[in-house]
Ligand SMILES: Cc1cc2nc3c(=O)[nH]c(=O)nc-3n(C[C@H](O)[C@H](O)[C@H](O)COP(=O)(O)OP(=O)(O)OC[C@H]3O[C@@H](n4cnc5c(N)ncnc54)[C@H](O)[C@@H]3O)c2cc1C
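Just one chain is shown here, as structure tokens, and it is the form predicted alone.
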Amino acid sequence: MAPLIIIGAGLAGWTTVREFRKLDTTTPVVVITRDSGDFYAKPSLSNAFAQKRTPEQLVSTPAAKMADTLQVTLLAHTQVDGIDVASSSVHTTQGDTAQTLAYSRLVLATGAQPIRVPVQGNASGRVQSVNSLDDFFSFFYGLSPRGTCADSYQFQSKNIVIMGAGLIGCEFANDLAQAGHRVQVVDPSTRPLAALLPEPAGLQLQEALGTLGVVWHFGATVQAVDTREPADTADTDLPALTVQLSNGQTLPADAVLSAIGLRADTALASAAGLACERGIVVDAYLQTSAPQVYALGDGAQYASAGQRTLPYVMPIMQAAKALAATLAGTPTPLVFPLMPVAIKTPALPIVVAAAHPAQAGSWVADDEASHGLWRFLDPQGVQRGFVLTGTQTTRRMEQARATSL
């Protein structure tokens, strides 16, 4: 029989395989991925520096072991060039070898791509994003030359400019500053996590990261990145780059990290004629607009979440379990529970349960803990979300029970 084919070997792809194999041990499964297929926890990319972990140490299970344990055929370093839903096949290229593979069912776990904004300057190509282990290899070893001991790279203090004060930007700012780097964050908003937190909570985070040495540049954007022109070209200790901001400031930088956000990778699905909006449109059973083609993960737009994309770990785990049951013969609609997100900023621990973006309402500070608990109330006074900071994060379960979806 034609195999179940899964495109993508990130958390969504591998978790779907793992859950499927709990229910079906005989159906052939093929996993296709552009990278090595090694399994790692993607959230660890933004807290590895402070933990003194090298990119190699982030791999929890090598690809070969994953494939052997889950009894799948892994096509690593393989590009999917197209999907033909009419013939139920995918076209791939691996090196100089092209082939067409038939599928019985197809799962798209293609993830998301970093949002990049135009930047001028002769070093604009040196602006980096970290959205995968391969990206982290480049970023890590750009700051710490290969062969550097994990215990010593923290002492090679570098100047790092981060574009974006959202979730990923703040996590990297905390991690890099804690590891001893000099971090400056540039964002057009007025405070960190402006789209996610009530203003007082954002200001708490701004102050907490400031105590680590993070310097904020709000109301500005990065306009250009150029190589430096020092008076003494023999002085290799000077930062390699200069970063020009829209407000006229110039910042020194050894590295520039773009953390503006993610956009669902819909290129393959769209080219195949599948319905795509903010992500690959799926129904309650995670089926796309084409029969026997499913999607989940950062690239999916979930009907079960009010037509939202949910680029977080818990939604992936929930979706993979439901999809595995459907693929194994028991159609199972995806029902998301309340899924609070823990933001990895140790300088100020934060837990967020965000209301739907279209939900009317306002943030209300708790009278007894106004410095660490905010509740999002709808016009009828029903709690639809919450934010906890600092020691108040221990009230996560209590607040989850008080929140209505």
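Predicted model only: the values in this text are computed from it and were never measured. Residue numbers here begin at 1 and follow the sequence given.
Below, we refer to the form predicted together with this ligand, which is not included among the displayed structures.
Novice: Is residue 385 close to this ligand in the predicted complex, meaning a heavy atom pair under 4.5 Å apart or at it?
Specialist: Contact check for residue 385: no, nothing within 4.5 Å of this ligand in the predicted complex.
Novice: Within 4.5 Å, heavy atoms only: does residue 172 come near this ligand in the predicted complex?
Specialist: Residue-level check for residue 172: yes, a contact with this ligand.
Novice: So, in the predicted complex, is residue 68 in contact with this ligand at a 4.5 angstroms heavy atom limit?
Specialist: No, residue 68 stays farther than 4.5 Å from this ligand in the predicted complex.
Novice: Even though this ligand is not shown here, does residue 130 get within 4.5 Å of it in the predicted complex, heavy atoms only?
Specialist: Yes, residue 130 sits close enough to this ligand in the predicted complex that at least one of its heavy atoms falls within 4.5 Å.
Novice: Of 27-35, 59-67, 350-358, 374-382, which is the one stretch near this ligand in the predicted complex, taking non-hydrogen atoms within 4.5 angstroms as near?
Specialist: Stretch with heavy atoms near the partner: 27-35.
Novice: This ligand isn't shown here, but in the predicted complex which of 303, 274, 143, 313 has a heavy atom within 4.5 Å of it?
Specialist: Checked against the cut-off, the match is 313.
Novice: So which of 245, 290, 112, 281 reaches within 4.5 angstroms of this ligand in the predicted complex, heavy atom to heavy atom?
Specialist: Only one option qualifies, and that one is 112.
Novice: So in the predicted complex, are 9, 42 and 342 all sitting within 4.5 Å of this ligand, heavy atoms only?
Specialist: Yes: 9, 42 and 342 each sit within 4.5 Å of this ligand in the predicted complex.
Novice: Go through 62-89 residue by residue and record those having a heavy atom within 4.5 Å of this ligand in the predicted complex; state none if no residue qualifies.
Specialist: The stretch 62-89, when checked against this ligand in the predicted complex, contributes 78, 79, 80 at the 4.5 Å heavy-atom cut-off.
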